[in-house]
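In the form predicted alone, a lone chain appears below as structure tokens.
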Amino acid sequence: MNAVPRFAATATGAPTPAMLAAWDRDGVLVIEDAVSHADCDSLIERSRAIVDDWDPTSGAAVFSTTAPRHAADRYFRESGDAIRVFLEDGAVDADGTLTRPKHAAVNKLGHAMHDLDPVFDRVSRRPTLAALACGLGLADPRLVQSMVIWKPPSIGGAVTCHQDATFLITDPPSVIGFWLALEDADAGNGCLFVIPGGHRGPLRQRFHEVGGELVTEALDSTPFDESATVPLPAPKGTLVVLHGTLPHGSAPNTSERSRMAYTLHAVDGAARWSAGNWLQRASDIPFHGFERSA
């Protein structure tokens, strides 16, 4: 098992030579104390307020990577320029009715908090994050997707091993994921796991629109070497940066503790955004960079 090194956040956010070497070798960076606890708390508070204001009768969808029925759901497909609530599979009955309180039922929020909510906008567009994205090779970073992964106690679902470039397609591939621990994450409540160096392997699948339907297209049948997975415990405020082809996922949360995280994905505006991407925007809500004037 290859240990993944941990780094202290730099003053400007720009990666050090040691970080760049680890990025090239492992496809992942773990940066501790990258975001203040106060900013983490502000995202948690805002997330809870969004769920407080959400009326389950106004619309909802179950989200699961192990049984991805959401791909056929209009509520999911039209969430690229919205803020929507997605539920855990174990939180609804056969009729889709909630079987537990709202805050104990959420799988995630998605997918445009960074553009539509001022609290998420402020944290997402911090200059240190912009410097990190540019330092890792994005010539013209554009923020395309944001999610709060809820992982509620007892029923927080597993996220199967995957590559982000499967779901956010550019030519050439360019997506980078920024995963922020809003609460302490460890093996007990479903922390991330990665396959260090796995980003050098092929892209296995492409999730995109074909003939008006979202389909998962097989590109390479080589299985992930899940015996090589490494858990990434992450104290609150830790930022985990993920190469677009790095295999990663997370275990279910069967503990009595919550494990909230915020995920932001960026692509290079110099690359071509695929017309077949599941995530699409209305023409009046384009993708922005770290500066809103971009």
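The numbering used is simple: start at 1 and walk along the sequence shown. Keep in mind it's a predicted model, so treat the numbers as computed, not measured.
The form predicted in complex with a small molecule exists for this protein as well; it is not shown, and the discussion that follows is about that form.
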property	result
Among 85-93, 198-206, 141-149, 114-122, the region lying within 4.5 Å of the small molecule in the predicted complex by heavy atom distance	141-149
In the predicted complex, the residue from V159, I169, L129, A105 that sits within 4.5 Å of the small molecule by heavy atoms	V159
Among the candidates T263, S42, T245, S255, the residue which, in the predicted complex, approaches the small molecule to within 4.5 Å (heavy atoms)	T263
Contact flag, F76 vs the small molecule in the predicted complex, heavy atom cut 4.5 Å	no
In the predicted complex, L192 touching the small molecule (heavy atom, 4.5 Å)	yes
